[in-house]
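What follows is one chain in structure tokens, specifically the form predicted alone.
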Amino acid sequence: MTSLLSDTEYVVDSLPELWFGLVVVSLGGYLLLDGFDFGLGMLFADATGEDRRTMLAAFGPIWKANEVWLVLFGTVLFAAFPRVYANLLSRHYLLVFAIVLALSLRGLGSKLREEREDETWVRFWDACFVAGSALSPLLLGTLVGSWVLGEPSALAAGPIVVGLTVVALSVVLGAAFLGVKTEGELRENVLERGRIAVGVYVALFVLTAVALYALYPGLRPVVVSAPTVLVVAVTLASAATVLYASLDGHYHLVVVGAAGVAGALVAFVAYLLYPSVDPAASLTVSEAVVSPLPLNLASIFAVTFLPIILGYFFVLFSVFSGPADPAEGY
């Protein structure tokens, strides 16, 4: 065991890899938790009246907290791999601003719709809420796709397919979340759309694999490898769980299945990346990681604050468990 204050050695030899894993886990946490909210926002487009109030009551207490995972992802990436952080933002400067705008539309739409009762006003902000909820996962997916595939532009075919895949996944997650937060006809309606979305997601996941094989020759050994087969198997099993559980009334199991689908995608992203952490700049984990002393010190903060963050989310989802009450509103 090396001293935490060493400026020549990491406190454990695998510390850079552990921080790479933390980057992936924080990205996965954000995909899962804010995926609930993105999906709810897209399903909001097909709801009316009391159903919309119920959905906003489910959305209101948690969405800002879920965005903590996006902040955590950026913080962890900056702390351990600042060159990658700088490269991503500089290569995709306009895309990052577009993501911020989409996230802002989602937040403003959900809040400002209730400031007035004018029908035109409410319709406009509802449209902003839905648009922001759809654009956010699309743009975030293209950003992650560009990063993983080493594309200088998010407008390439590979990143766009990844973005569409994340949109479909978000609908699955939103339907799963609403399955435990709503009751009656609304629950059945959103779960029906979730079943359609999980079929679309599987088709897009397969299309993504085909696109990777066709457009990126360097990734062909990865696409046809045993770990990828395992990812596909987990995806199919989790998708089947969503379908079975939603039809049989096991609503919490739907959430487990949807989380399995999201987890398999994040694992695939990690597998595509490692040992690289910035393919466009040909940087591996060992080349991009910061020197031992700052990473050792950052690890102290990570070990201290991660349990607090996890405990906070446990309390949050415990307090706001059960079906949402439309009388509570946003």
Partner chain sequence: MIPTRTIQLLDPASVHTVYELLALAVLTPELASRVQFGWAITIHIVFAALSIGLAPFIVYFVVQEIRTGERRYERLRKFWTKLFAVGFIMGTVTGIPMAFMFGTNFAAFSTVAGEMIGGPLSFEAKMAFFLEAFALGILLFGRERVSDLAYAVSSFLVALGAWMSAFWILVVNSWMQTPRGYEIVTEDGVQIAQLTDPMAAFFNPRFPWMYVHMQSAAVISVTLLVAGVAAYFVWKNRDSQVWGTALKAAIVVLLVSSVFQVIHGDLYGRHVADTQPHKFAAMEAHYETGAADLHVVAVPTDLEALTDPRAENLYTISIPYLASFLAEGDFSAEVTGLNDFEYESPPVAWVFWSFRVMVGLGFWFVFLGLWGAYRLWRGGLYEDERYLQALMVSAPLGFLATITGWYVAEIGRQPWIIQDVLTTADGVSTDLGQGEAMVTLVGFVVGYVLLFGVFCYVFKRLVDEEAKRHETGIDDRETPDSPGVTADD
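Residue numbers count along the first chain shown, from 1. Since the structure is predicted, the reported quantities are computational estimates derived from the model, not experimental observations.
Absent from the display: the form predicted in complex with its partner chain. The rest refers to it.
Although its partner chain is omitted here, in the model of the complex none of Ser14, Phe36 and Tyr271 has a heavy atom within 4.5 Å of it. Using a 4.5 angstroms threshold between heavy atoms, Pro275 stays clear of its partner chain in the model of the complex. Residue contact with its partner chain in the model of the complex: Ser291 places a heavy atom within 4.5 Å of it. Though the partner is left out of this view, Trp69 does reach within 4.5 Å of its partner chain in the model of the complex, counting heavy atoms only. When its partner chain is considered in the model of the complex, Val180 lies well away from it, no heavy atom lying within 4.5 Å. Of the stretches 154-162, 249-257, 226-234, 104-112, only 104-112 has residues with a heavy atom within 4.5 Å of its partner chain in the model of the complex. Of all the residues from 151-173, none has a non-hydrogen atom no more than 4.5 Å from its partner chain in the model of the complex.
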